[in-house]
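Just the one chain here, the form predicted on its own, laid out as structure tokens.
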Amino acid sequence: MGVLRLGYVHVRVTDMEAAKRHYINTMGFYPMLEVGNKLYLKGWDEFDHHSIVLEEGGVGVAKVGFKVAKPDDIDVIESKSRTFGVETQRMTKGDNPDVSDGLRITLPSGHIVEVYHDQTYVGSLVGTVNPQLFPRELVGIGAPRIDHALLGCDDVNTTEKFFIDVFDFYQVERLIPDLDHQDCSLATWLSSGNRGHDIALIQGENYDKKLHHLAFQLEGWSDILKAGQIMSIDDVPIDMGPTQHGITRGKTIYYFDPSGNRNEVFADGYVAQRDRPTMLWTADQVARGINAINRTLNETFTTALT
């Protein structure tokens, strides 16, 4: 079975015109299709048709999509999902524009996850034969691609178990109460390959179905600094950063889109491997894990979910 990566994140926004200014002009994503109250976007170094879907009406996450290696993987995931005990529904090609047939799953946390094996290939803006380092005319921050998403859960452990048992993800890092309670995850960072995380989960009261943040990949610290400069020019509300995580060691800025959905730009971090031990963080060190430079957390980081 092969879950390749996070393919798309579908978020709700209250004002489509304001969202366009943020995700296109500030973040530098490219509009691919607009149908009804939905807008489909891609980054300049993504090859498939879209990675972000914006839907006008509300806030938070509508669903997330994961791309698998081949059609047979969907059958395996469907069988494992039924054994796990979650609700599934087959989706047909065209249910999502430019996305193949697949499977829709309701996670224990209530989030909707879709798995699919194909999406319309459009190519990156630098091509595949003698490609350039980046497009000559980047817009705003010029984020090349989506990176990961962090979802809220009332009970992290059950949803974490789903991703491990059904999707064959593995634990890269975990937040636990203390070393005497290592079987209890308060937050978890899960990967399907060598990324620090493709999906992460955080526990809190009434966190089910909620989005903590959607992250975009940048290359390094200088790109994080430039992103902060662009955010200043565009008057983007900052939640935290620029700083570095202890967890994953990624460089980061957290900020909000015009609807109040939290975004992140994320760079560097280490290469994850299945045979390396899971990194453990105890609850008394969570501030250093999230904000290694200042070792403090503001209140909004754990309370502002959409």
Partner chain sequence: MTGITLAGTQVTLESRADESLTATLYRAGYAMRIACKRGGCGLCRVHVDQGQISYNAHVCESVLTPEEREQGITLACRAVPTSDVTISVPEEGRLRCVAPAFTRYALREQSGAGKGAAQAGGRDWVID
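Residue numbers count along the first chain shown, from 1. As the structure is a computational prediction, the values presented were derived from the model and not from experiment.
The form predicted together with its partner chain is left out here; the points below concern that form.
The closest heavy atom approach of E46 to its partner chain in the predicted complex falls outside 4.5 Å. The closest heavy atom approach of G260 to its partner chain in the predicted complex falls within 4.5 Å. At a distance threshold of 4.5 angstroms between non-hydrogen atoms, A304 is in contact with its partner chain in the predicted complex.
Not displayed here, its partner chain is approached by T14 to within 4.5 Å at the level of heavy atoms in the predicted complex. Contact with its partner chain in the predicted complex, judged by any heavy atom within 4.5 Å, is made by just one of Y30, F256, W281, Y270: F256.
Stretch 229-237 is the contacting one of 229-237, 197-205, 87-95, 167-175, since its residues have non-hydrogen atoms within 4.5 Å of its partner chain in the predicted complex.
Residues of 32-66 lying near its partner chain in the predicted complex, listed in sequence order, are G58, V59, the criterion being any heavy atom within 4.5 Å.
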